[in-house]
Each structure stands twice: as structure tokens, then as C-alpha cells.
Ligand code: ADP
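One chain comes next, on its own, written as C-alpha cells: the form predicted alone.
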């Protein structure tokens, strides 16, 4: 029976840990294929071969073949090389082309990125054809791979790939690949009839790559159930809400997981005192003390330590934090910030550290080891985002027994159940409207439980550590979705 239900899936996207990663997409492209491979799926991941991929991976890539591919409206063609790397049961095929992928970073600017990802989308499909590998499902990610469902049903209609079904996942709707129609027509050579208002066209003269992919994909997914609802509203829809409502019948929300081997407080070499659910209540104190010492905070077990690990941008709710932070510093509270981003927030957090020496530490940097130590040493983690498609920090915090304080949006709402003092359940503290006063209330509710009903706090810590935040449950939902698209035959 298992053999009958085996499914083959090609993942196509612009980044994947550990080769190249700028955000959550890179984590998903690594963790979801790995989880599916463990569930008896046949998985291939197709990526650009950027020059910035570390040489230790480049050196192990094996040449699988190459060909020239027509791309542009004037018949201009390009070289496509296929370099393969096999790791952890997953096959990674890298599309090799120096003209497009020799920049230092995966994303540069739209002028260069539009042609690059037009090329990549067609090359990924052509490579599958060349290798004679017809997957049941082609799973594309974000705007960089969103042309694939359109190309599959037009330019590849007479190939074996026609039988494949497409899934397009939205990780962040903010980025859509919008450029003028003549440029997109030139770089894709797609038929004129797809450049209409139902597929590509947006505004008077622009084409939107993500919009076209959403129109043509068999199924659209996004990274939490709540976000799937939110993006159908004008506030969260970034101009595509009407289009998404039109296609809502094929939209699903499946929350991300985290890699529980990479994030494991019991086996984390970056911590001074590893711990698990059985000894968290005593061992977490050692991590708190070590964190206070490392960051120059007043060393005391009686302080309530709040962590904030984030890109320092408007999306992350930092204007609310700026407004209330001075009011939080009351002699028993410490705040630790880690991240980089907009100059206005970098500056304000540096100022807070100067004003509240010993109670606030602002690390304006990205430091992976320090992130692990904050997750382990803080009592609570703050995620007051304006919008958050899924959010991984609150999942990591729970894994480390650190209680999340979050705004009820996107994946934050789906993964954090608000604490209920009457029934003593829930696994964090939440607030709904985007207002500084409500964030302040949520933090004060958390502090009250921490200082006055410590046993209830300690039980919440253990509930958080017991919660399954791995990819297993989500990967099973994706596998069910693939089976629904391609039933047994």
C-alpha cells in the first residue's frame, strides 16, 4: 500500500538552507522536502546555482548534463547546466548559468531579478524534461518561481510534464515580481492572451508574476490558516486581495514547522547549560544567568527577562515597542534586543540601552549563537508584528521553554493559544488590535503570572516544551494535499 501512495515532488524556489538563505523561505525549502523524504516521498529540489553558495557544497556537485534553451521573444537562447548534490535523502539540482547567477547575492534589484527568474522558471521545467523526471507535483515558492504554472500550461503543454499538478506557496505577499508588460513579454515569450487582467495584467501597463502564478496554479497554499484568511482583505492583501478571493476555492493555509534538530535545547552546543522538559525549571536559570553576564545586564534570578529577536522593520511591531519600552523598565524587568534593520529602530534601541544600562541590551547585529542563548535565557519572547504570515521565532521560543507574547495575526494566532487564568491552559499571552496599550497589557499580564503565580507560569513553560512544533504534522498535511491533487490511479 505504501508503495502505491508514493508521490514524487519537485520543489522549485530561489533559496534553500544551507546553500543560500535570506529568510523563512530558505528554511521551508530545506525542512519540508527533508520531512517528506522521511515519509516515503520522492523529492527533488531545484535551485539556482548562485556564486555565493559556499565552495564546500559547490565542490561536491556532480554534472548531470546541459543544453541550450530558447527563452526570449526574439529567439535569444541561453545555456542551462544541471549540477546535482544528494544529501539526507533529497536530490538537489542546481541550474547553472553564469550570466544570471554570478552576482554575490541571490536578489539584487528588479531590473536584474525579473530576467533572472524568468530564465530560472523555464530552465527548471526544461531540466525536468531533460532528465526525463515527471513529478506528480511541482511545488513552487513565492514570485521567483510563480511563472512555472503558467509556462507548464502554455509552453510545456505538449511535453510529458503536462501530467504534473502545480502547488504555489505564498511565503510573503509583499513581494510579487511586478514589471512592465513589454519586458515580461520579451523575457518569457509567453502568448499574448495571458497578459490580460485575469492573469498577468495589473494597473495600466504592468505585469505581476505572482498574480499570474496564482491564476494558473492547481492549488495555492500559504504558511498559516489565519494568513490565508487575512490576505483576502485589503489591509493584508497588498493589492491582490480581490484576485485571491476569486481563487479562494483553491487556497489552503498550512502552518510551518521548525527543524527540531537544529533547535534543540537538550543538544545545543551554543548553550552554557543544555536542558529538556524534565529539568527546564532549574536549568533554564543557568542560561539566564549566563545571558545576563554575557550582555552586561544586572545578574539576578529575580528579573523578568524579555527577548526580542527580529528584523528591525515596521512589519515587526517595533513602533509599539518603542512607545512602551521605558514603561517596562520597573526594576524587575530586563529587555534584550537582537537584530538589524531600519536605522530609526537601530538608533532608538541603542538609545534605550544607554538610558537603561544594566536593564536593556541592544545587540544591533545578527549573531546565530547569541540568538540561541537568548531563546534559552529569556523568560518571554516578544513578537508584536503588524502582520506575520507564519513566524518561526514563537515556535523556537516554545521549544526552548520561553513563553511567547504575540499579536493575534497570521501564524502567531494559529500557534499561540492565549493563557486563561481560570482554566490554567494556553501557552502564551496575546493581544488583538495593533495598539501599544494592548501590548503593554499583555506584557503586564505575563509579568503578573510570573511573579505572583509562579507554578502556573512553570506549567506553561512545560506545556510549551511539550508542544509539537516540528515539520511532521505540517508535512503530513502537504502529503494529504498532494494525494488530493493526484489520487491513486
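Positions refer to the first chain, counted from 1. Definition used throughout: the rigid core is the maximal C-alpha set that superposes within 1.5 Å between two forms. Computed from a predicted model, the values in this text were never measured in an experiment.
One more form of this protein should be noted, the form predicted together with the ligand, which is absent from this view; the next part is about it.
A.B. asks: Scan 393, 176, 292, 97 and let me know which has any heavy atom within 4.5 Å of the ligand in the predicted bound form.
C.D. replies: Checked against the cut-off, the match is 393.
A.B. asks: Scan 194, 126, 371, 91 and let me know which has any heavy atom within 4.5 Å of the ligand in the predicted bound form.
C.D. replies: By the 4.5 Å criterion, the partner-contacting residue is 371.
A.B. asks: Look up in the predicted bound form whether residue 27 has a non-hydrogen atom within 4.5 angstroms of the ligand, and give yes or no.
C.D. replies: Contact check for residue 27: yes, within 4.5 Å of the ligand in the predicted bound form.
A.B. asks: Quick one: does residue 315 come within 4.5 Å of the ligand in the predicted bound form, counting heavy atoms only?
C.D. replies: Heavy-atom contact with the ligand at 4.5 Å: present for residue 315.
A.B. asks: How about residue 367 - does it come within 4.5 Å of the ligand in the predicted bound form, if we only consider non-hydrogen atoms?
C.D. replies: It does: once the ligand is placed as it appears in the predicted bound form, residue 367 has a heavy atom within 4.5 Å of it.
A.B. asks: Can residue 339 be called a contact residue for the ligand in the predicted bound form at 4.5 Å between heavy atoms?
C.D. replies: Yes.
A.B. asks: For the interface check, one of 129 to 137, 236 to 244, 398 to 406, 302 to 310 should have non-hydrogen atoms within 4.5 Å of the ligand in the predicted bound form; which one?
C.D. replies: Among the listed stretches, the partner-contacting one is 302 to 310.
A.B. asks: Within 4.5 Å of the ligand in the predicted bound form, counting any non-hydrogen atom, which residues from 7 to 23 show up?
C.D. replies: Heavy-atom contacts within 4.5 Å come from 21, 23.
A.B. asks: Core superposed first: is there a CA shift of 2 Å or greater at residue 120 between this form and the one not shown?
C.D. replies: No.
A.B. asks: Using the core for the fit, does the CA position of residue 227 change by 2 Å or more between this form and the one not shown?
C.D. replies: Superposed on the core, residue 227 moves its C-alpha less than 2 Å between this form and the one not shown.
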